[in-house]
Structures are given as structure tokens and as C-alpha cells.
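Encoded as C-alpha cells, the following chain is the form predicted on its own, with no partner shown.
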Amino acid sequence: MRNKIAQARYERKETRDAYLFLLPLLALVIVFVLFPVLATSLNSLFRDVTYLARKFVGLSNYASLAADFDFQRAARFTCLFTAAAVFFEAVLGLVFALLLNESFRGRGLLRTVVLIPWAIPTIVSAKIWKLIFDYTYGVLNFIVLALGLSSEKINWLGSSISAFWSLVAAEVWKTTPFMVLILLAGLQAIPREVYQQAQIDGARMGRRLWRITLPLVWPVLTIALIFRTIDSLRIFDLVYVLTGGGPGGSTKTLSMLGFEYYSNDSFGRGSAVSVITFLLVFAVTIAYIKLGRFERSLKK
């Protein structure tokens, strides 16, 4: 009986100490995350412009955004851009991670080189790609003409379709190393004995990849997808530098649209765009968590 009482007291003390250690983190989350989210959500319910009196309008800002062509186009572009960029990042990231997980001469140097694009600041990376895509002096047009792939220069950023894929290419080049880094860590955590046993049982490379590698690396891949999807849905700087939202607003993102509203002193609508972006990110994150089967892993 005394042992049970002592154990209960010890567990209560451990729980209390854990909460005490978490208090600084909880305070930071409340001040820098929860409070801004609540304040922005509240402000989205008001007509908040500098030249008019502040007035509660309920969901009018959201209703006007739903009927706004610019918002619809920005939301569509943001979702399509995110889907394309994250897909190619995941595929290329997995391929490079599998290659770098093998033993060969120069592997350490190659691992370092692969991470260089991710280490470059996004603004610098965007400037580099803008020079590459430049119509007059761009190296890409020089290569296309030299190889005879086209008889004239291509305006890579001059049409909505080419600008879309140019942005996807720049984003994939910049952030694929992040996927490689995360997936490589997951691959190295897989015991070699598992593959050795599979080889003894006669499993070929494709079967080992499908039956062993992908299932074991799936939780790590899901986490990487969550981070990359969140970043892509909130993308601003790359698009702002490369296309400025053009041509004709066809590459404008939700973050850029919200920035425009804030710049034009329409804080209510800007807050509404921010809240919608947050809800989109939140919904996608929950979907990834369900897809990654983390709840089942925790129950086990």
C-alpha cells in the first residue's frame, strides 16, 4: 500500500515538473502563435481600412473574397503550384536519397554538394533563376538555340503556362535538398539486417523498395511532405522576385494577394486571406497526419 502511495506521489511530481518545464514554451506559443492567429481571425470580421471607420461586418470579407476573381485565381495557382512542386520534390528527393544511401567513393562530397541549393537564400536563388530565364541574356535560351531545340528565343516568364513551370523548376531546385536530407536520415535508420534477410529470401531490388524501404520510410516522408507543403502554400519571395505575380496576375499567390491588401490599407480583407491560408495549411496538415498513420503508431 505504501509503495502504491509513494508511486502515485512520484508520478504527480513528475507530471508537475513536466508542466513547469513546458511553461516557457507554452508562453512563447501563446504570445507569438496563438495570439496573432486569434487577433487576425478577429480582425477579418471587420471592415478595417484607414480612410473609413472600423466596422464589424461578420463574414462579409470572406463572402467578397469567394466572389473575387483575383482570389479564386490566386487560390487555384497556389494549390496547383504546391501540388506540382511537392510531387517533384518528393520523387527527386527519394531518388537522390536512395543513391546517397549507397556506399561509393566521393559520397561525402556529393552529399555536401547536393545541399548547396538549399543553403542559398531564396532571394538570391530567385535572382539567379531570373537571370537564367531572361529573354535576352538568359543562359537557358542560349542553350535552347545552341542545341537547335527552337529557332527563336522563348519568353519563359511571359506566358502563364511557361511561368508556372519555370517557378516550379526554381522551387524544386531550391528545396529538393531538404527532402533528400530528411529522407536520407530515415533511410539510414533502417537496419541493414532487414535488407540482408530479404536478399536471402530472394527479394529483388524493386520488391525490397516497395515492401521494405517505402513502408519504413513512410512516416519520415510524411513529415517532410508536411513541411514542404506548408512552405509551398505560403510561398511569397520566389514568386515575388521571379514574376511579381505576372503575367497578368496569373502567378499571384495567396500570400501575395494578402500582401497587396495590407499594402492598400485593407486590413480586414488581408486578414481574411491570411485566415483562409492558415485554414488551408491546417487542413492539409491534418490530412497528412491521417495519411501517415501517426495515430495508429502512437496507439501501438
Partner chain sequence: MARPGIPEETCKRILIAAGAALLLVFALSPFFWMLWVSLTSRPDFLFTKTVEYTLANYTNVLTSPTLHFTDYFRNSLIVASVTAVAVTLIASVAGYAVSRMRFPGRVAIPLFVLAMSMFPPISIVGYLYQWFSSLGLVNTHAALIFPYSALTVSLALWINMSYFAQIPVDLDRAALVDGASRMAVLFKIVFPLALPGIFSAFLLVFIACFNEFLFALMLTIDPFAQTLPVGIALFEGLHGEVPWGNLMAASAMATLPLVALTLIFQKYIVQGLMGGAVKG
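Residue numbers count along the first chain shown, from 1. Note that the coordinates shown come from a computational prediction; the quantities given were computed from them, not determined experimentally. Here, rigid core means the biggest group of C-alpha atoms that superpose within 1.5 Å across both forms.
One more form of this protein should be noted, the form predicted together with the partner chain, which is absent from this view; the next part is about it.
Colleague: Looking at 210 to 218, 72 to 80, 159 to 167, 108 to 116, which lies within 4.5 angstroms of the partner chain in the predicted complex, counting heavy atoms?
Modeller: Only one stretch passes the 4.5 Å heavy-atom test: 108 to 116.
Colleague: Has each of 120, 123 and 145 got a heavy atom lying within 4.5 angstroms of the partner chain in the predicted complex?
Modeller: All of them do, each having a heavy atom within 4.5 Å of the partner.
Colleague: Report the residue, out of 52, 59, 66, 29, that has at least one non-hydrogen atom within 4.5 angstroms of the partner chain in the predicted complex.
Modeller: Of the listed residues, the single hit is 29.
Colleague: Given that the partner chain is not shown alongside this chain, does residue 36 nevertheless sit within 4.5 Å of it in the predicted complex, heavy atom to heavy atom?
Modeller: Judged by the heavy-atom cut-off of 4.5 Å, residue 36 is in contact with the partner chain in the predicted complex.
Colleague: Is there a heavy atom of residue 141 lying 4.5 Å or less from a heavy atom of the partner chain in the predicted complex?
Modeller: So residue 141 counts as contacting the partner chain.
Colleague: With heavy atoms only and a cut-off of 4.5 Å, decide whether residue 229 touches the partner chain in the predicted complex.
Modeller: Judged by the heavy-atom cut-off of 4.5 Å, residue 229 is well away from the partner chain in the predicted complex.
Colleague: I'd like to know if residue 240 sits close to the partner chain in the predicted complex, meaning any non-hydrogen atom pair within 4.5 angstroms.
Modeller: Heavy-atom contact with the partner chain at 4.5 Å: present for residue 240.
Colleague: Within 140 to 179, which residues have a heavy atom closer than or equal to 4.5 Å from the partner chain in the predicted complex?
Modeller: The stretch 140 to 179, when checked against the partner chain in the predicted complex, contributes 141, 142, 145, 153, 172, 173, 176, 178 at the 4.5 Å heavy-atom cut-off.
Colleague: Establish whether a shift of 2 Å or more occurs at the C-alpha of residue 22 between this form and the one not shown, with the two forms superposed on the rigid core.
Modeller: For residue 22, whose C-alpha is compared between this form and the one not shown after core superposition, the shift is 2 Å or more.
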